[in-house]
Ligand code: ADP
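Just the one chain here, laid out as structure tokens, in the form predicted on its own.
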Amino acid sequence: MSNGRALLAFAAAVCGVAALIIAKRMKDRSNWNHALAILEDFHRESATPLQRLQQIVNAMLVEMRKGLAAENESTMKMLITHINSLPTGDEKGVFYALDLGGTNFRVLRVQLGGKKKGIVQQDYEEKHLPSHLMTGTNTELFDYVASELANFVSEEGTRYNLPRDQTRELGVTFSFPVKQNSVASGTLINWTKGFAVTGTVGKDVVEELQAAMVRRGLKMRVAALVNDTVGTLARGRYVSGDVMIAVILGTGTNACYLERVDAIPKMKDALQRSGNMVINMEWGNFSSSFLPRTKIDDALDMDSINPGYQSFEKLVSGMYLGEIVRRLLLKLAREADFFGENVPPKLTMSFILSTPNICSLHQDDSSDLQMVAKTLEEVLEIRGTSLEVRQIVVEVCDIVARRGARLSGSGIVAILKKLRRSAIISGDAELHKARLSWQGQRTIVAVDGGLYEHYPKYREYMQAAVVELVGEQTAAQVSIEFTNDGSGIGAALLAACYSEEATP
């Protein structure tokens, strides 16, 4: 009798264990299906089919025209840079550049030898800006920068044969919001990136730097004040006159291009030497109902330091791609136990997943996705993932990067269309008319930034979107080329263009 009871108890235990196993499997299957449903919803909301991209191209074109017509009428500022002369390759001499935009800044010296010799020699030093200067006074900041410039100039030696009393020409890349008043004048609107220097907002930053150089006894003249996008255009133009557009795809994003003066209604003084003007679009703030935004994007925007602004940048730039991926993985973990019953603590930390991280995840082409497993473990402390989970992680990265890259491509096509250098897009009558004036002109788009440089699949998706939008025949006349160090060499080249000797 006791044996029978034991057998019954054993059988009941076995049945109980079996029931638990079945229940777990059912739960696992339910969670997996839910995870796939979440991914499918995000994929659908993020989709960038051709028709959507065409709508975005035309919406950006409308905003471009509004911004060129009047101030504060567009989501894009379409800023007049006062740069109407770009390098030709004929420039000769020694010129300096200052690249100031963060906790580190660079000083550069570039020797130009004209068309035959090009850039003969270049030197640069990266300087660290002491943290107390970021929140100190106006005088302290610019005196320190002027002092470092003076030290750099003193190291010229005899290699450049410049008279000691000769005034050096300087191009300044100043990566903070300024209202450009002339080629070498700009009023600081506000500080960003953790800077809060007193006594500078509302003042001309060139005048402040110039005064500091005088106090330091440095004979140097600021010939041009630019941002990194305009510098990239100058750097590309030095190599080829076909460069008409420059794009930055890095931590942030922006674009500029060469516009006809007669196409800028808000520009009152049209007496320009070349009849053209470089327009700084500030396209990161482009916004349209056609942009494929998701609830995750909306939440990221609300949690950002500038909610409601930089909508385009938050979908395409390096600062945000990794965070979008993290937020989607966190949703999968919380709602579908994607990484197990417990949510990985590191996954709850904002911006812990960088764009270089998702590039590593995305580019893993091994059969077992070991680089994905390694990155998840090292960055997020997520261990023991299955191949199926790793495949979903790669798919998440692909969706986010593909969307951002295709949106960037649509922005480039909008500029081509504004310049009437884009052939027909299916169903677009205006572009059909534009085709008559295009006449096969070759156009080079100069691109700088770590996102574009170091993320091959992003580059591929962006270029594919351009081809899809303009067609293979036109795309053959559009070359997207990596152009390095616009913020440094580009600024020096513009100093050459606007040096006292070059200016009539």
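Note that the structure is a prediction, hence the values are computed from the model and not measured. Numbering starts at 1 and runs along the sequence shown.
Separately, the form predicted in complex with this ligand exists; it is not shown, and the next lines address it.
The closest non-hydrogen atom of Gly252 lies within 4.5 Å of this ligand in the model of the complex. At least one heavy atom of Met319 is located within 4.5 Å of this ligand in the model of the complex. The closest non-hydrogen atom of Met60 lies beyond 4.5 Å of this ligand in the model of the complex. Within 4.5 Å of any heavy atom of this ligand in the model of the complex lies no heavy atom of Tyr461. Only one segment in the set 45-53, 66-74, 445-453, 461-469 has residues whose heavy atoms sit within 4.5 Å of this ligand in the model of the complex; it is 445-453. With the partner omitted here, the residue from Val110, Leu347, Cys359, Met277 that has a non-hydrogen atom within 4.5 angstroms of this ligand in the model of the complex is Cys359.
The partner is absent here, but in the model of the complex a heavy atom of Thr355, alone among Thr355, Thr173, Ser410, Thr229, sits within 4.5 Å of this ligand.
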